[in-house]
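Coming up is one lone chain in structure tokens, specifically the form predicted on its own.
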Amino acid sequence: MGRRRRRQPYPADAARALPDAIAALSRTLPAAPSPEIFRRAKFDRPEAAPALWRLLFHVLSPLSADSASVSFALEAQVRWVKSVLHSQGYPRRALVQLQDDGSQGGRELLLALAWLLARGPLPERLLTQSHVRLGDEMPVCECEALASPGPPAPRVEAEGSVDIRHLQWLMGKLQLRWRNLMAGQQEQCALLGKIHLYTRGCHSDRSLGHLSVTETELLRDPEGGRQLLQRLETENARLEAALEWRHRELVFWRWMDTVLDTCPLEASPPTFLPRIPEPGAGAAGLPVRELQALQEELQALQEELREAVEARRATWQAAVGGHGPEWRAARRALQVAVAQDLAALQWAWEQGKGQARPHGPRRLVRTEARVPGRPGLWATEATEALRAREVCLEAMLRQLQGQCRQELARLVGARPGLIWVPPPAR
């Protein structure tokens, strides 16, 4: 018997699948815009812009969805979204040229959201960030926070003169905020220790032995259990919506192609390509023609990228050929920085003796004695991992300080008659 050909969806089925896909995506994202907002954004309707600005602010904000927009007006959110997208290497300049009042740019914001979705598993990252924590957790590593968000933004010269006193005031304000943050962290650790000590032996699980802050709060205020139950139900609904979004994702990317066709062309317009699922996760059901079309498109893009890289390499070689000593000095500085990073990494590897570093958040459990063979990460191991990370960060700090000194020396040399008095060493 021959293989049965998969029935192609009728236009009516495709029209129904698109709102379902957008609705599933909306339920996984904070602020939950309706599918009608997406439809109006495709036609660049002004009423869709404020909702999408708020959505991008929630998506890009490191704060939780509940407290992200408490003290920020719409104009501040717009400026912050522009700054973060620019720092992450967003290619379209039309977004930066939008007004700060948040009254326009629905289509551009839709493209920016699609660009964030195409870079990685955005719904999964948001779900991990906002999941309900029943225990007292401690992040052992900072892989997500320290990961490079993309290519560095080009340096932009400041318009007009910069008052050094204003920069000193900002630096002092930053140091004050940092000290307040450290004091708050120390006070939180002290309170956690008291709760774990006072509730020792109250937990039904012998491996834990004590209650967490959330469990203690439930004993103190039983009505808070309803709110916790509602939060858990909301999280389960978002997880179900994320699974549904993965099944309907391809429909959304086909629709985004039509949105991209309606946008004016720029020097390098972004191309949104969906990730092809792995075998066993639904890829066997995709038509062979669609996979072949995707393969041909990827090969064409790879060829265009190769030609662009060769052209830029030739331009760069022609440009740096006439610099002479300046280019060689920059190359030596780069070699020194790389050598420092390699030395810090080698030291961290030798301290760990080739073992894998602890990863992910861990639940804090207070124990009196170390039980052999018990799973978990002990405080000494976490301290060693943090000290290794501290060495790497100190090497990066010295590198950045050297670059700042070189930049200051360059600026002083460009201003004859300017006296440079370095700050006293502490």
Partner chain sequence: MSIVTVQLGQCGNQIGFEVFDALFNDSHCPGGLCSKRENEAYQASCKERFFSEEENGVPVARAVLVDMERKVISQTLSKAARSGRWKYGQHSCFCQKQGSGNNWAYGYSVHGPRHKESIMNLIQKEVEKCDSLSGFFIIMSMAGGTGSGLGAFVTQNLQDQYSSALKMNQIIWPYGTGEVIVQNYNSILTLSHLYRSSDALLVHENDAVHKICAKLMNIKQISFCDINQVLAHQLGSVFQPTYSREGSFHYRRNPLGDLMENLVPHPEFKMLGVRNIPQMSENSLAYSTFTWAGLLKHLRQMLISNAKMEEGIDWQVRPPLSGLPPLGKMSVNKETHFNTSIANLVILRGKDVHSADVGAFKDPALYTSWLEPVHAFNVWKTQRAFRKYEKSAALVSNSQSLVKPLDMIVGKAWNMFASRAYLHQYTKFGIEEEDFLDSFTLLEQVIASYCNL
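For clarity, a rigid core is taken as the largest C-alpha set superposing within 1.5 Å between two forms. Positions refer to the first chain, counted from 1. Small disclaimer: the values here were computed from a predicted structure and weren't measured.
There is also a form predicted in complex with the partner chain; it is not shown, and the following applies to it.
### Query
Does the partner chain come within 4.5 Å of any heavy atom of A73 in the predicted complex?
Taking the distances in the predicted complex, the answer for A73 is no, it never comes within 4.5 Å of the partner chain.
#### Entry: Heavy atom of E187 within 4.5 Å of the partner chain in the predicted complex
E187: contacts the partner chain in the predicted complex.
### Message
Given that the partner chain is not shown alongside this chain, does Q99 nevertheless sit within 4.5 Å of it in the predicted complex, heavy atom to heavy atom?
### Response
No, Q99 stays farther than 4.5 Å from the partner chain in the predicted complex.
### Query
Going by a heavy atom distance of 4.5 Å, is S103 a contact of the partner chain in the predicted complex?
Looking in the predicted complex, residue contacts with the partner chain do not include S103, since no heavy atom lies within 4.5 Å.
#### Entry: Joint contact, R16, A51 and R54 to the partner chain in the predicted complex, by non-hydrogen atom at 4.5 Å
No: none of R16, A51 and R54 comes within 4.5 Å of the partner chain in the predicted complex.
### Members of 171 to 187 lying within 4.5 angstroms of the partner chain, judged by heavy atom, in the predicted complex
Heavy-atom contacts within 4.5 Å come from G172, K173, L176, R177, R179, N180, M182, A183, G184, Q186, E187.
### Query
Can a Cα shift of no less than 2 Å be assigned to R119 between this form and the one not shown, given superposition on the rigid core?
Comparing forms between this form and the one not shown, the R119 CA shifts below 2 Å.
### Task
Note yes or no: does the Cα of Q129 move by 2 Å or more between this form and the one not shown after the core is superposed?
It does not, since the Q129 C-alpha is displaced less than 2 Å between this form and the one not shown after the core fit.
### Per-residue C-alpha change between this form and the one not shown, R177, threshold 2 Å, rigid core fit
Yes; that C-alpha moves by at least 2 Å between this form and the one not shown.
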